[in-house]
Every structure is written in C-alpha cells, then in structure tokens.
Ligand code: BMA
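Only one chain is given next, in structure tokens, and it is the form predicted alone.
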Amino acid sequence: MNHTPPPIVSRYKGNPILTHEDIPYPVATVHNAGVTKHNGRYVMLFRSHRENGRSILGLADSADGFKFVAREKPFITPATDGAFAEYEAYGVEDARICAIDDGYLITYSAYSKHGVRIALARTHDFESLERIAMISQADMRNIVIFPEKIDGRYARLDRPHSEISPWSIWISYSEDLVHWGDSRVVMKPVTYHWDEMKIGPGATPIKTPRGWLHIYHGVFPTMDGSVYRLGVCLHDLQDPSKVLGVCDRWILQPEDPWEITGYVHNVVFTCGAVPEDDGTVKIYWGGADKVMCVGTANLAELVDLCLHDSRPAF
C-alpha cells in the first residue's frame, strides 16, 4: 500500500507551459515570470535571455492560467535614454506584479556595470508603461510590494546583501513609492537547513484571514552546485514585519527534467502566484532558468504549514 502523502503543490500535467519556442521573437529562455489577473485574464510578465545573454521582459496572456500566448513584441527592454538607461544597460530581469491603487506596480531587477538595483514601473492596461524610479541602491534584488497599504504606507519585502547578514529578507516602507525606509530584517536563512545558503522574496504576498502568505525561495549548497526550492511564511496582517510562522520544509523542489537540467540546473524559482475564489492558488515558477511551469496548492493548507510545522524566522 502506498502511504506517500499527496504533494503540497500539484504540478500541472501540461508543464512546461511556456518555452522559448513559443515566443515570436528570438530568445533562448522563458522563466521567472510575475503573473496577475487583469480584466478576468491572466497576464504573465516573463524574463527571457536574448541570444547575447542579456535579459528582457515579455508578456503572455491566458484565459485559464495554463495555456499562454506570447505577444508579438517584448514589454520591457533596457531603457536607451534618460535616467534609467545607465542602470538597465545589462538587462532587466525577474519582474513582480502588484495590483494596487487601480493599477499594477511592476518591480524588476536592473543590471549594469554598477551592479543590480530595483526599478519600479506602473501600468494600468499592460499596453503602456510608466517608469517611476529606481527604488534601491546596489546590491539588491527580489523586491515584492504588498498589495495594500499598511497604516497609510506602502510596504515591501526586499533582499539586500551584506557579508554580515547575507541574503536575508527585510521589510521597508514608503509614503510615495520612491523613498523607502524604516527597514528591518524579518527573516534569515537557518544553518544546516534546506534554505541555509540564502533566501529571497518570491511572489507578491497574498492576503488571507490569518495573515499575509508569502511564497519565497531558499537555496541549499551541495557538492554538485546550489539547489533552489520554494517555501512559505506568514506575516501579521496589521504588522507584516512580524512573521507568524515559517514552514519548516519546502513546498516545491526541482523534480521534473526541465527543472533539473537547463540554463541553471536544479532550480524552481517563483515571481508570481494568483489566488483563486475556490481557495486554491496557482503558483508559477521558472524551471532551471529556461522554461515556465505552474502548479496549484490549497491556500489554507499553506497557512497551516506556516503555523503548525514551523521553524524560527531567524
């Protein structure tokens, strides 16, 4: 008799759902996509390596969240003039989408000779784009913005890096989306644990009755290189700097061939998740930095894991 418990995240049998062969312009990869719903349709903002090795962001649309069709042209490419051009020269990567203020905020990594910073843009229709500001110094990646204000301020999770506190998750606040501060660390890697090497914000936090559910990535070093997995944690609704629980085990790890082998081996990496009315959530992840995949999970189960199968935040 098989006593193996069902997976926490059920992989879609049609994975991968988007590859470079589905894109109507030359790219080598499709991965690490932010996803949201707009006018009842799913919108995916995916990263692709051009054949020169630098990244751009493309758009794909779907009626059901599984079968996506890419648009004819990229949505965000490195700026060629103005204040953004110098800091996007090496590429734009790993977008997150936050529905707030009757529009959509997009955060993405901007690479240049100065390192990596986070850029903030806004769209209302996924047709036009307004670049707002660079909202971090170097070296910072993986900023996700909470989809509603906390005590009148915008809040975000971010991932600065220093040798003193390497690759930990912090929270910061802003009144105008441009100037951020009141920062504090909220979660750190745990030694000799599946996420002991580094952690970082993943998908835009999801509001649940018991807290803000955040799907993050954790990395473990092995003799054969690093392994990227996904985990979940829960933040207090009124004070998201307070972590109510961090699930002690991962919810997803590389298993399928396109997650084990690709541009970067042994990677599942999320930038987007969409909660559904039936209590499930669609989680989207890049497989081995080469293809896009999706799976479903039960939101209440993920929250329970944070509260009842928990490890310390740091």
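A residue's number is simply how far along the shown sequence it sits, counting from 1. Computed from a predicted model, the values in this text were never measured in an experiment.
A second form of this protein, the form predicted in complex with the named molecule, is not displayed here; the remarks below concern that form.
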item	value
4.5 Å heavy atom contact, residue 235 and the named molecule in the predicted complex	no
Touches the named molecule in the predicted complex: residue 264 (any heavy atom, 4.5 Å)	yes
Residue 68: touches the named molecule in the predicted complex, heavy atom cutoff 4.5 angstroms	no
The named molecule contact in the predicted complex: residue 269, any heavy atom under 4.5 Å	yes
Candidate from 193, 131, 210, 198 lying within 4.5 Å of the named molecule in the predicted complex - any heavy atom	198
The named molecule in the predicted complex - contacting residues of 47-66, heavy atom within 4.5 Å	47
